[in-house]
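In structure tokens, the next block holds one chain alone, the form predicted alone.
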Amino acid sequence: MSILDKLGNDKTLSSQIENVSRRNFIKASGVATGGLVLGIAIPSKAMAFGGESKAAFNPNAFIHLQENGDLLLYCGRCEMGQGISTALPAAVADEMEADWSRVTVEQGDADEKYGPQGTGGSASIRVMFEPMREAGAAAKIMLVAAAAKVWGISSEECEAKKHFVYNNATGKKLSFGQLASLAASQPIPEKPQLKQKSDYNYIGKALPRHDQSQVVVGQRIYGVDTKMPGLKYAAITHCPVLGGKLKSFDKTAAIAMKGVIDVIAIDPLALPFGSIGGVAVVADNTWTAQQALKQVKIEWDLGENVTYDTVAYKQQLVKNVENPAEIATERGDLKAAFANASQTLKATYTGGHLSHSPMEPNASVVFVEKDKCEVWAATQAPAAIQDVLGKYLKREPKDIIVHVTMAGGAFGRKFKCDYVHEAAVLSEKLGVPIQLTWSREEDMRTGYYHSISAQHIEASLDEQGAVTGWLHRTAFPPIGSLFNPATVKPSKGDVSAVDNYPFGLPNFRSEIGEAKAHTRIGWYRAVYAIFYGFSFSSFADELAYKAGKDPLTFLHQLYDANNIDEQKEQVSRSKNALEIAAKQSGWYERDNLPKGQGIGLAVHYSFQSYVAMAVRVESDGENIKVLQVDCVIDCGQVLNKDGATAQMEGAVVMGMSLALSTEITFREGAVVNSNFHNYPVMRTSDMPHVNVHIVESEHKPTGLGEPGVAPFAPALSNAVFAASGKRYRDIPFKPMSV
């Protein structure tokens, strides 16, 4: 039994520091070198998307300080390139006064002792920052107490610094390793005092990733890298139309190929993240499996969604939002505002489906044995794997062992574990470990997609150019359709971001149009903020020109008109981010730009963070070259400035791709796109100069992974208009014909 197994049995739910033996620290029995282990309890509100679980669970993360001084920190959240496995452990090391060069970070396997491990919603740092700091602070207090006991002095006469505890009177020192076992027996600090911001060693600094050298030389283990004795390899294809069924398949030609072991049909599993059903080839290597799959003759019953066509569907969504729909929220007297208006403006904004398309397609290794099931997967949600495989295999979820590997990108796709379920089916049938890797084409054609959408806005202006009324209709197939296929429109909760937008809109109404899903809709980086950010910031820019005002001045007036006390902070922080972006981008000197260049502004609040962007372009309306992006992020206390900068740069890359080129097209029920030649993402040669400006803040840390995506497209659209006079109301602006 491992040390973590021994410590993982406490069922007490608490936000205070504790361990499973009802003490914070225990001697690491069963570990040859001895040491110190700390368990921290994570509050239930640490759910990935901000929901709260009322069920009891045992959420412990662990620190293990060995007697040789090496410090092992476990990261419970999943690493997919966003740097969480550096940022959170660095917070522990900072409070502990540990030497970062002595720290090793390991990814925690699926286990409730780590708390909710679903990694998404830009929530990891927001909910884990303080508990992890408290763990480090508690470790420091007990190490200092141990040193004081050795020297026969009080703890106040000692100081921890850089992996040592010093005697302030004599200058003597003891290493953390020397003190590890003795510290385990020290009294438990009830509420350890945390550092002041001015005393941070690592928090708020630009800290390189802990695994940087491993990544560079190819030593990091991703989902596709897992190997084990007896491993066989699989490739799979699915019905191209959601809801279709397998009628028949002929495996004669495939099974005759050298190295092919079997061709197996996989039945659908009626769970949101289970397989939709498919045909898989198992072989001695992935290449053989992929080539043999092409030889399988498959006949599908395509089902009712065969009529799905995104061009026609988007046109229908536009009709649905340009006509009266279900009222979600209403305040003031909108009818009177429009009746008394000096001017009015209306516009409809649309966006297409998007594919996550991470660089590493779906991959996992599963070995189903009679009394054991073990999984190695690139995942964002190890508990979901346990749940799905538990139901499929009729075993307890806790009996499904899930090893979480590094994910080569995810963006929400790897919250869903259909690819793991399929590997389990194959392994159970053949009795061998299976590595299933989806091809790029399969990933693009049978994934979970960002919602296609339409937003219609109408506004009234008075004689001074102030907004007096705002009507906002929205329609998109919601993520809720994944869990309830009867869902045919967004819920009132889905449009809450519209209802609570921090503009001052005294006369306001939001409405919800119908939008039945014809494919699987799933979380995509930034989620609904993509189309909400585009519509609000684009329309505000259009209104500014309609009112004959400077766009930045007009935005400030919209925010200043807000008199809701609960939104004052949103207003002030949004305005501040906008002002920084304007100053840093040369907004106030834009009249000096060469002909054909323009700057566009946008700001959006999502995932409890504020991001403003100023985009400078050169454009004639058709050809668009992005020259410079100034991105301002206000996410409270930043743990790692290097990681924060990288997140914003990545958001620009993704935002630029979805604004200019990426769109999934359905025709006759099936995805037409298949790879990056007809779903083109941004290339290195397209990359503009990006300046990231981080707002220094005393606020608690908030989301960082997702909020940077939403403001880019509207800032770009506004910049193109400033440069050329042409407006874009559909994203992508110029989709590729497929």
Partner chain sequence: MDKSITINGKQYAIDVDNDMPLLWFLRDRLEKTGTKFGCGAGLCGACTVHVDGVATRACITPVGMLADKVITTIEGLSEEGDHPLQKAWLNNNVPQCGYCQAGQIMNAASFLATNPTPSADEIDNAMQGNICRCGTYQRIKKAIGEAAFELAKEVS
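Positions refer to the first chain, counted from 1. Computed from a predicted model, the values in this text were never measured in an experiment.
As for the form predicted in complex with the partner chain, it is not shown, yet the points below apply to it.
Within 4.5 Å of the partner chain in the predicted bound form, a heavy atom is found for all three of P208, Q290 and S685. With the partner omitted here, the stretch from 127-135, 497-505, 401-409, 472-480 that lies within 4.5 Å of the partner chain by heavy atoms in the predicted bound form is 401-409. In summary, among the residues T645, T665, Q178, S185, the only one with a non-hydrogen atom within 4.5 Å of the partner chain in the predicted bound form is T645.
Taking a 4.5 Å heavy atom cutoff to the partner chain in the predicted bound form, the contact residue among M359, A265, V311, I564 is M359.
The partner chain is not drawn, but in the predicted bound form it has a heavy atom within 4.5 Å of S213.
Interface residue remark: M654 is counted as part of the site for the partner chain in the predicted bound form, having a heavy atom within 4.5 Å. The shortest heavy atom separation between G218 and the partner chain in the predicted bound form is within 4.5 Å. Interface membership of A123, defined by any non-hydrogen atom within 4.5 Å of the partner chain in the predicted bound form, is ruled out. For the stretch 426-451, the set of residues having any non-hydrogen atom within 4.5 angstroms of the partner chain in the predicted bound form comprises Q435, T437, W438, S439, R440, E441, in sequence order.
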